[in-house]
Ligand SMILES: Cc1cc2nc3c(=O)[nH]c(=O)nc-3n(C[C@H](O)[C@H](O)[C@H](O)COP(=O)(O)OP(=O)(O)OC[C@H]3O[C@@H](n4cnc5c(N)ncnc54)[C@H](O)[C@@H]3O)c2cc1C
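We begin with a single chain expressed as C-alpha cells, specifically the form predicted on its own.
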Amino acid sequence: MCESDLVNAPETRPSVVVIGAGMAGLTAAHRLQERCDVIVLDKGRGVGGRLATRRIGDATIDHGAQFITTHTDEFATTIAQLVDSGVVAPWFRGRIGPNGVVDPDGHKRFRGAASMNAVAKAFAVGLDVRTASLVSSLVHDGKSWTVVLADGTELQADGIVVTSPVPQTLALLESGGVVLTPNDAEALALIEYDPCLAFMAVLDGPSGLSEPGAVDPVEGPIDWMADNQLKGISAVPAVTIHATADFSASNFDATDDEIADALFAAAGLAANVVPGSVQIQRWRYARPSVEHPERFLQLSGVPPLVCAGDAFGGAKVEGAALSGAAAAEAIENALGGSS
C-alpha cells in the first residue's frame, strides 16, 4: 500500500455498546455517535426506562418519572431546546405541599408535552436502538468486549456504557466471569435503591384533585399522586399513584388487588375506577437511596467500561442525563477519541 492510500484510508471508528435506553443511555449515545459507532440495547419493548407511559383505553398515564427539573445550566439548556421543539412543556413551579398547596418559589417542573415517554423517544431519534434485546453477559479478552444477548447474538465492542441498575450490571459482569477490583466492587456494593409500586387507573369522573393535578402527601402510604388529565396528557380522567418506599418494600410481593385496594383507599379520590382499568407496575430499582458520589464509575483492570445512571452523582432525570454525558466523555478519553 502506498503512502497516498494510507492518507486516504477511512478512519476506523471505535465501537461502543450502550446498555439501557433510558435517559442516561440515550444521552451517552448521542454524545458518542459523532466519533464512535454506537449501538444501544434495551430489554424493554420500547425506549425510556422510567420515562414510562402507558395507555389504558382512551387514557394516557405517566407511571414512572412524573416531571423534569433543572438545577444546572447544562441541562437547563437541553430542556429549553426541548420546550422550543414542543417535546417538553412547563407543568408547575414549586413543590406540592400539604393539602395540595404549591410553593411557587421552588424549581419549575416540566412534563412531556405528549407524555414522559415521548421525551425519551425524542432522544432516541437518529440512534441505533435495539429494543427487546436482553443482555445475558459481558465478556472481555483483555482488549475488547463481547456483549452476549439472551438469544445467542454476540456484539463486539471496544467500549461499553452500562446504565442498568447496579445489581443488574453486577449480574452481567459475574455471568461473563469479570472479576472486579476490590475498590470497584466496594463502590458498587454501596449503591442502594428503593422500590416503588405504581398504581394506574382510568376514572369514571373528575378525580377531585385541584390544579396542577398533583399531590405530594406528607404521611400515609402514598408518595405521589397525579391526575393525568389535569396534567395535560390524557383525554380522560386517569390517576397515577406512587407508593412510598416503605409501603413498596413491605408490599412488593403482594397481589395486584391487595396493592390497588390499599392505595386507592388512601387516595380519597372523588371518582371511582373504571372496572378492568387498574394496573400495577413494580419498579424494583425506582430511586437510588445511596448514590455513588461521582457521575460515573469506570472499572479498573478491564477494557473501557463505564457504569452510569441516576445512581451516579445525582438522581432524577437530570442526574441520569448528566451521568450519561460524563460517561460518554470518559469512554471517548479511554478510547483515545476525545477532541
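Quantities reported herein were computed from a predicted structural model and do not represent experimental measurements. Start at 1 and count along the sequence shown; that's the residue number.
What follows is about the form predicted in complex with this ligand, which we do not show.
A.B. asks: If we take heavy atoms and a 4.5 Å cut-off, which stretch out of 285-293, 270-278, 29-37, 53-61 is in contact with this ligand in the predicted complex?
C.D. replies: That would be 285-293.
A.B. asks: Looking at V119, A238, I160, V135, which is the one with a non-hydrogen atom within 4.5 Å of this ligand in the predicted complex?
C.D. replies: When this ligand is considered in the predicted complex, the option within 4.5 Å is V135.
A.B. asks: Looking at the partner-bound form in the predicted complex, is Q168 within 4.5 Å of this ligand by any heavy atom?
C.D. replies: Judged by the heavy-atom cut-off of 4.5 Å, Q168 is in contact with this ligand in the predicted complex.
A.B. asks: Whether L322 contacts this ligand in the predicted complex should be assessed with a 4.5 Å heavy atom distance threshold; does it?
C.D. replies: The answer is no: L322 has no heavy atom within 4.5 Å of this ligand.
A.B. asks: Mark I19 yes when one of its heavy atoms lies within 4.5 Å of a heavy atom of this ligand in the predicted complex, and no otherwise.
C.D. replies: Yes, contact at 4.5 Å.
A.B. asks: Using a 4.5 Å heavy atom cut-off, state whether C196 contacts this ligand in the predicted complex.
C.D. replies: Within the cut-off, so yes.
A.B. asks: If we check this ligand in the predicted complex, which of the residues in 28-54 reach within 4.5 angstroms of it by a non-hydrogen atom?
C.D. replies: If the 4.5 Å heavy-atom criterion is applied to this ligand in the predicted complex, 28-54 yields L41, D42, K43, G44, G48, G49, R50, L51.
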